[in-house]
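Just one chain follows, in the form predicted alone, and it is written as structure tokens.
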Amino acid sequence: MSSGCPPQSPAVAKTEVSLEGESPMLAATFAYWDNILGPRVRHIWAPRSEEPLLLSDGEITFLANHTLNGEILRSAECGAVDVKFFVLAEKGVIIVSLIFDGELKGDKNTCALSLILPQTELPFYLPLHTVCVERLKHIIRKGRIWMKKGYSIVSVLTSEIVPIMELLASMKAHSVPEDIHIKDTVLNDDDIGDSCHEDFLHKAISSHLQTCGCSMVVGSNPDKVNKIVRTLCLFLTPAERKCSRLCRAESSFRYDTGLFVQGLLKDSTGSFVLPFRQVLYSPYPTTHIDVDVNTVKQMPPCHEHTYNQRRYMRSELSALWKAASEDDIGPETVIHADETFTPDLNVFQDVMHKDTLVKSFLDEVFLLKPGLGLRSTFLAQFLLLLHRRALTLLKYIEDETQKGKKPFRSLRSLKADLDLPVEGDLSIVMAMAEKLKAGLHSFVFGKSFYTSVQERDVLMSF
């Protein structure tokens, strides 16, 4: 494989990352186009391993150069990040490359941030592709500001590349399987009161569906945490289950942005530190479930979550632009640069809306005998019902608004016509529809900044 590969330049710096378990990633690289020397690799990140890697440093440099060939005539909007996916069968690798413009030494250059994985890991990586790309896109936005100010982009990129390498390594060993047996979940129990309080299970599943299937399960007992994780994953698609993670008995994982369901263990003191920034940057709002004290809390609905997320992103980039030195802004710093925006650190609220859909499902599913496959069939029918209701809601809104040409005016009529009078039922079906058509919440509820909290305040004033 090394034949024809140019030797690695001695100027290329390399960071070795210590990971627990098997790493599915060969390396990550940051390269740029030099107008005199052509493609040049600025930095390499590789997992530390006692065994020799499949690719030498020279071959990694060769593959990184490959992603920039042909980009000299790149024409893109300012700030755009192009995502390219290369499958090089002759080398046995896949390369995910994010192409962007940045300033190096005062000159505008075309740059590439690339992830290199073995081709055999393609089925494993594809479900996680969007998770990785969205996280890397935002770190590139921050890095471009750092480059503009003349600082090193490597430290900024390292703050996200290392966690992504840790994420992929953890998912390799502890991801939720695509097929879950109902016998491994709470839904198989004969007496729900023995292992999980009925009201707690109802509230957990209901909130889980209201937050688009995104939940974190926190506790001290890994078996109990993982049982709830598998139970919630029953309500996800097979692809979404591949983006979910069980907790590890030996030690706790950190919270990772972008996963659907993840189990997290408390430390020896019985506490768990939840990073505000990572939670806010999740694509959907999240449900927080504590199996030790049987509490369920949830983030605000999609339109409010998206609005707060975008405001925080802009404030974070603004704070970076105003920073006087590289040490002024840390990766976990809560941003207060915009005086008009003070982030609410208490992002989790009590579950406000009761539902009848999940309540009826749980009342009926435990009437069926366990172990005969009846409960699995009943669950499949329940999910099919939710999916059809979401499609019906989308079609209803399309007809009422002439496919978005007119504003949506009557939520009351929608609830009456679609038989969704209970707020919790509407929230569940709206969340299912949001995953089918992104932006639905913001469109239905009008101005995105008219948040659910403000709506409740207005209703209470009458």
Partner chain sequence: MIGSPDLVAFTKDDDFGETDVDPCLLPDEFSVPLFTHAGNSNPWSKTSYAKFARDFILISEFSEQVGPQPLLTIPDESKVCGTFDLNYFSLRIMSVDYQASFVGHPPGCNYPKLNFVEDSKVVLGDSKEGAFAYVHHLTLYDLEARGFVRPFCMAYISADESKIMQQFQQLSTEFSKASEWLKTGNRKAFASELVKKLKDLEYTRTVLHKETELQKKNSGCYSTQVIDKANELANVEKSIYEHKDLLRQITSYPSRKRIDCEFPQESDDPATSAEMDKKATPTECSPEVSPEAITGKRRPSYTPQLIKGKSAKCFDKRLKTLEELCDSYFFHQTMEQLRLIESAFRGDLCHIYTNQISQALLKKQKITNFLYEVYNDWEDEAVSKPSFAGNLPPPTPLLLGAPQSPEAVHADLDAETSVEKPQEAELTESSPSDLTQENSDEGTDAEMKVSSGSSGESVDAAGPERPERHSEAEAVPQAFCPDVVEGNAAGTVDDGEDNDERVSATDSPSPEHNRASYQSAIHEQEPSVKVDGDMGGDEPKSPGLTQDLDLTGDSVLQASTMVQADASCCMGQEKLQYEEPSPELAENGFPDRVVKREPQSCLQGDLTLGKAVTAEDSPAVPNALNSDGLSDDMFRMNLDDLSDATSFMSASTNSDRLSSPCHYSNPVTLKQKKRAGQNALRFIRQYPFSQQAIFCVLTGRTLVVLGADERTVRKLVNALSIFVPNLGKYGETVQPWLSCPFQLTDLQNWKIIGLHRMASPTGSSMLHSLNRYARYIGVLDADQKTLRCPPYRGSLIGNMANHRTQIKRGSTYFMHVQCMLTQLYSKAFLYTFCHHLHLPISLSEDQETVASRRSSFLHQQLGYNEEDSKMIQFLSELIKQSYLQGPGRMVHPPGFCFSYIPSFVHKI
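As the structure is a computational prediction, the values presented were derived from the model and not from experiment. Residue numbers count along the first chain shown, from 1.
Note that the form predicted in complex with its partner chain isn't included here; everything after this is about it.
Contact annotation for Gly106: none of its heavy atoms lies within 4.5 Å of its partner chain in the predicted complex. In the predicted complex, its partner chain lies within 4.5 Å of some heavy atom of Gly439. In the predicted complex, its partner chain sits beyond 4.5 Å of every heavy atom of Tyr32.
By the criterion of a heavy atom within 4.5 Å, Met313 is counted among the residues contacting its partner chain in the predicted complex. Only one of 314-322, 167-175, 246-254, 287-295 lies within 4.5 Å of its partner chain in the predicted complex by heavy atoms, and it is 314-322. For the candidate set Phe200, Phe378, Phe272, Phe348, a heavy atom within 4.5 Å of its partner chain in the predicted complex is found for exactly one residue, namely Phe378. Taking its partner chain as it sits in the predicted complex, the stretch 374-396 comes within 4.5 angstroms of it through a non-hydrogen atom at Leu374, Thr377, Phe378, Ala380, Gln381, Leu383, Leu384, Leu385, His387, Arg388, Arg389, Leu391, Thr392, Leu394, Lys395, Tyr396.
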